[in-house]
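Presented below, as structure tokens, is a lone chain in the form predicted alone.
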Amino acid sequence: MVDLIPPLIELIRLSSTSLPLDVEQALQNTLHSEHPGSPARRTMELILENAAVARRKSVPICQDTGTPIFTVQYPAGYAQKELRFAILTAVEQATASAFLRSNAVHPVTGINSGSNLGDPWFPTIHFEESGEDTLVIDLLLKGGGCENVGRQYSLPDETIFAGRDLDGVRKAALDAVFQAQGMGCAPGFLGIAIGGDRGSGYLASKQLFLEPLDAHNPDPALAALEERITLEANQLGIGPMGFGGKNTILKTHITALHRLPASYFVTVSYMCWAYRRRRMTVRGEAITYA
């Protein structure tokens, strides 16, 4: 079996220092719509310059390297215990190499572990056995700023005039964006889960960030809602980093989960412009990254 620790360190390095190409292209596209000389235009220029320097010098794109969230799809023959050990070891070594900032702080004592290792929930690791013969590990680095502005709504919600329907979902999503203003480090991306319980809603909404930006929603009603929310969010005038402008949300992904009759949750997860996700695939001795 392949020693997974070195390739996992490389997965972390790539995630932390190099934006995915589809994300960088989406950010690049905003330059043509923001007015030359405006704060929005200059902000986007600086964001793109920062991304280029981070990739060239192999340093973190953002000082907050976020919560590492791993999603592991493993074939028969791999043991969760061994996979967890490899991931934790790689996280610790990547932190020592400054690809990750020490982010694991105990909520009672305030002490930073110094290694990005804490209780069983830090880093977050989701395991799923697959029927394939390949090991696939996705890594999402979720920064604190964008995590802070995520919201969950229980519909109906009279404060935003939202009922238990897709228009209520739209109102909840736009309220979340409006409340975030520039604190989520716009231009950002939305992952929205309709239904589920409070826990599954947040899990599913964040898993949407593993999708490529050009992923098409197979549900026509949800696909139309994704486009409408993105369009209307950009009409709020919040703009890059809250300085005003035309680009606040670059993409919205929505999923629907079965719910209890008594509950109708809308969970909105927000991803900042530093949208850091990478995938490592292991087939036999061959390892690839995307």
Partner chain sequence: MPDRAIPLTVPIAEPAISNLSVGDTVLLSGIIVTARDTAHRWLYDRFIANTIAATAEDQVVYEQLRTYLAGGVIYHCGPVVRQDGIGYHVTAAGPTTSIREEPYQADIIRLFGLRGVIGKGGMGTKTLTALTGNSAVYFHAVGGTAAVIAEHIECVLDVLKHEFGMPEAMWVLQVRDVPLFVTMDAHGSSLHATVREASRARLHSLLRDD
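These figures come from a predicted structure and were not determined experimentally. Positions refer to the first chain, counted from 1.
As for the form predicted together with its partner chain, it is not shown, yet the points below apply to it.
A.B. asks: Just one stretch in 52-60, 256-264, 22-30, 217-225 has heavy atoms within 4.5 Å of its partner chain in the predicted bound form, so which one is it?
C.D. replies: In the other structure, the partner sits against 52-60.
A.B. asks: At 4.5 angstroms, heavy atoms only, are L174, Q181 and Q235 all close to its partner chain in the predicted bound form?
C.D. replies: Every residue of the spot touches its partner chain in the predicted bound form.
A.B. asks: Using heavy atoms and a 4.5 Å limit, would one call D167 a contact residue for its partner chain in the predicted bound form?
C.D. replies: Judged by the heavy-atom cut-off of 4.5 Å, D167 is in contact with its partner chain in the predicted bound form.
A.B. asks: Does any heavy atom of S102 come within 4.5 Å of a heavy atom of its partner chain in the predicted bound form?
C.D. replies: Heavy-atom contact with its partner chain at 4.5 Å: present for S102.
A.B. asks: Heavy atoms within 4.5 Å of its partner chain in the predicted bound form: does N247 have any?
C.D. replies: It does not: once its partner chain is placed as it appears in the predicted bound form, N247 has no heavy atom within 4.5 Å of it.
A.B. asks: Is it the case that I194, even though its partner is missing from this view, gets within 4.5 Å of its partner chain in the predicted bound form, heavy atoms only?
C.D. replies: Judged by the heavy-atom cut-off of 4.5 Å, I194 is well away from its partner chain in the predicted bound form.
A.B. asks: Exactly one of T134, N112, S154, Q80 has a non-hydrogen atom within 4.5 Å of its partner chain in the predicted bound form; which residue is it?
C.D. replies: Checking each option against its partner chain in the predicted bound form, the one that comes within 4.5 Å is N112.
A.B. asks: Which of the residues spanning 238-255 lie within 4.5 Å of its partner chain in the predicted bound form, based on heavy atoms?
C.D. replies: The stretch 238-255, when checked against its partner chain in the predicted bound form, contributes I238, M241, G242, F243, G244 at the 4.5 Å heavy-atom cut-off.
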